[in-house]
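As structure tokens, the next two blocks hold two forms of the same chain, structure 1 and structure 2.
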Structure 1
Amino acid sequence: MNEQYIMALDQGTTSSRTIIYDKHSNIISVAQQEFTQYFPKEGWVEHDPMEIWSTQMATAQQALLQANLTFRNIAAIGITNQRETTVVWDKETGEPIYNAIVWQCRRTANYADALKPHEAMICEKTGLVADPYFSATKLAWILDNVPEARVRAEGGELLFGTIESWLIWKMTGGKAHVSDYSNACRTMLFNINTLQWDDELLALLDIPRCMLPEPVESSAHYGETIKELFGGPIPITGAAGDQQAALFGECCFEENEVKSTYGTGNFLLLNTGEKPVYSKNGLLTTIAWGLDGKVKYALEGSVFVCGAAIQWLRDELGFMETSKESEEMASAVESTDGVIIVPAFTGLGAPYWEPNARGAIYGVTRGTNRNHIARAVLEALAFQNEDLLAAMEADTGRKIDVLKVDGGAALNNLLMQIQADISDVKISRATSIESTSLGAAYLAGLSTGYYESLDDIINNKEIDRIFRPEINEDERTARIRQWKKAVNATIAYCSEDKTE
């Protein structure tokens, strides 16, 4: 069997997956394993880096076995990963010195607050805001709180990386310590204009430069897997943070094309071309990818809770057995009957950036039932996305007419229709919603010549369904006004609580 395929490693927040694709974006095999979520204190979220490593490699081997393939059938490996999650490990032993601090973790809110006086400089250099979401404060916390960590780091004994960096280092047997631009730019230590680690930012948080990976393009030859993993070497030639990979996988190659990924969180990215656009409306400026010596930038809005809100209905409230049932429940009522939910379980992301906000439910009456709550959750996901779309339109001065969607919750037809209604936008859902792993596969394939051009990739895309707005402007405006009223009340309540 001499056919060649691309292996995409999709290392997510709750599970590790491997998907093997053929040249036409068809899935040949897929394997997935969940891993443990650790919550040591309120607002703290951690993963075991070794469990991430073991589950990711296990799924890669399972995917090969399922399709009866060997390393000889894999033209290249592409990696996509949960971003901002921070790992520090021993350079000699490869052992992590602490659990990975996850992007959702809010333990470093005080670090971020201390950086507020420098926020204008931080934004100019990184496109980000001073928030515990990003890797820099997480890394500083590890250096400050793990015994001997800072001394060892300054002595060149420790290495830092986001998840793609950690996996590449492990897969190459420690030969490649790299981070692609799309992940490096999420650390709050990387200058998106010079494409280098920034000395002023490193000094601000007292981060030793020697522990940082080499910044590289998103489609390039990083190294080869050690033969012990798959029986022979496989080139690793693509890497991108999950949201940038999804933008690439959705074929948003042109300026002003935009996608929304409905995953654990919800992430909206808009391609702004070869120059960064700095937001005046609470969005982030980020690098989309580095390819063929050029960099594409994006505006990004991040909502911390999306699919996690549906999981909350399922796991904590016991409303349903499976997440898919949320659509059936929400469809059983014509409206939320006035109920509005603000799912700020881990704070509010863009465009509000209120890390101390917490979830709230408004408008509950004696007649409120589970179906109303379920529908209110779906509407909340659409309202959060609308906040981001409105901010993007304000920043670019352009109306967004089409929104490409992917991620698990994009399969919820009711949610997609609500989104089209709330945002007055056409929703385009592709046949495959696996845009994140597809993006990693495309980047890896371009580097090796598996794909000859972007046109090669565009020709693979098939549209499953288009959702169009079905409500009038007055109703839309009224519903958005009620949502904003609820968000403002939530922020005000949490601000009062903080000052007591």
Structure 2
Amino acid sequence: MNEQYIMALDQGTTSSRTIIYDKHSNIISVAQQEFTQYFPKEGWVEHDPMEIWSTQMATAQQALLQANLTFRNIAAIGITNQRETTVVWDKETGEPIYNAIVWQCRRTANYADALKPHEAMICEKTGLVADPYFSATKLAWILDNVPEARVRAEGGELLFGTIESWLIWKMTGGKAHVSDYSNACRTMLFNINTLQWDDELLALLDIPRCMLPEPVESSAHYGETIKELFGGPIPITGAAGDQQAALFGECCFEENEVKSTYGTGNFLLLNTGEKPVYSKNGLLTTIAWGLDGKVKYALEGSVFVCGAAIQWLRDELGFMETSKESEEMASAVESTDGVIIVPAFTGLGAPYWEPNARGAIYGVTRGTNRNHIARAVLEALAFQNEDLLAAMEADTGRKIDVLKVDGGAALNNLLMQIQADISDVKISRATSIESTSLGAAYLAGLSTGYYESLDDIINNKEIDRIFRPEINEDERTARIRQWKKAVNATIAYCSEDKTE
């Protein structure tokens, strides 16, 4: 019998990747291609859906070829994807009628403003806030601005999908038009309690229901790939948005389990079990996944600047050649010597929500050197995460004991130790920090019986390192107090600007 593997398609914001895993989560093959970013106007971001499709398929074929595998070796395909990005295409020809409007795109800010009076209803139904980030206003924009789009959509000629939906439709030759719950819930059109598209929201945004995909679980048989792609059919059996896939890949299957992904930005997700928890502290409520007839919910918080602050030290300040060196520099001093940096380069997100804030450095003396600044940046990343963890604890009323970490900057040991100290949590870093694609592979494998149970998956997980808190409570609270003082001063400074 042929050896069997799982293929994970990881369709990200800047590149399409394919990773093939064996049953023990070892990577057998990886292929990656970047694709074009379009910035047609200030604040606008687009992708070409056909380029997303072609790069994704090219990497899938390349990954197979590299490992000398055929479609017969692939038990199932799982997809994880950039979320919220919006595609509308012609049902007959499969041609997109406009570029994909990317999650970062702010063109629909005025649409979102118009929704503000309905924010309480939107939050209760979707767990989200009225913001151009989510798909709904992007879809409305396409219907309003592409000639004939609305009439054609109402006539049933056009289909809408987020990226997993688009890829599944293309891979099945137009047979399956579905969206998994974890992606559907990011559209701002999906009711996270009823698990249905919501008529009131559809009416509010004037979106024809007939163009929407069928909502499905994150682990289910969606269809099979058409023969032309890989020479024979492969079942497509898992899909989840990137952050939820990472939560799954980190094995945060139980209530109160939480993961933090330290990438360019930072995403924290906390599994809240089978009931949505609504935040009083500026976090989003989202569906983690649908599996075995049950839905798990999550609280989500994000920080705009995480690894990006390390890039700033490297590229703008020229402190080092590689991001990795930040650890060595920051370790060269025992403390920041009173320096605090608030890296609010693009405003402050949860729990402050201060879009006009900008970065600040406090406590600089004649003795301050690069190492102090580098250490202050690492501390800031940990403080920002702590703010989100504290918000989550306040919303659930439960203490978080363990934080599972992944993403590029999670490789920084000093940062992880500072995080453990400041948040008084045990940090658990897995050997594989590829949790996003692993999550997609697990979801796909569970559906076909490749993995028999969640335990089967948990047994796979190898821990690289645990970091434990090493400072006392007095020091911890004093340091957090200093950080809050700096954040408040930064917010006050930018609001003074506004009133001038």
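Quick caveat, the model's predicted, so the values are computed rather than measured. Between two forms, the rigid core is the largest collection of C-alphas that superpose within 1.5 Å. Residue numbering: sequential along structure 1, first residue numbered 1.
Of the two forms shown, the form predicted alone is structure 1. When the rigid core is held fixed, the Cα atom of residue 318 travels 2 angstroms or more between structures 1 and 2. A displacement of 2 angstroms or greater separates the C-alpha positions of residue 359 between structures 1 and 2, with the rigid core held in common. Comparing the forms between structures 1 and 2, the C-alpha position of residue 369 differs by 2 angstroms or more, with the core used for superposition. The two forms line up on their rigid core, and residue 384 then has its Cα shifted by 3.5 Å between structures 1 and 2. Taking the core as the fixed frame between structures 1 and 2, we note the C-alpha of residue 337 moving 8.1 angstrom.
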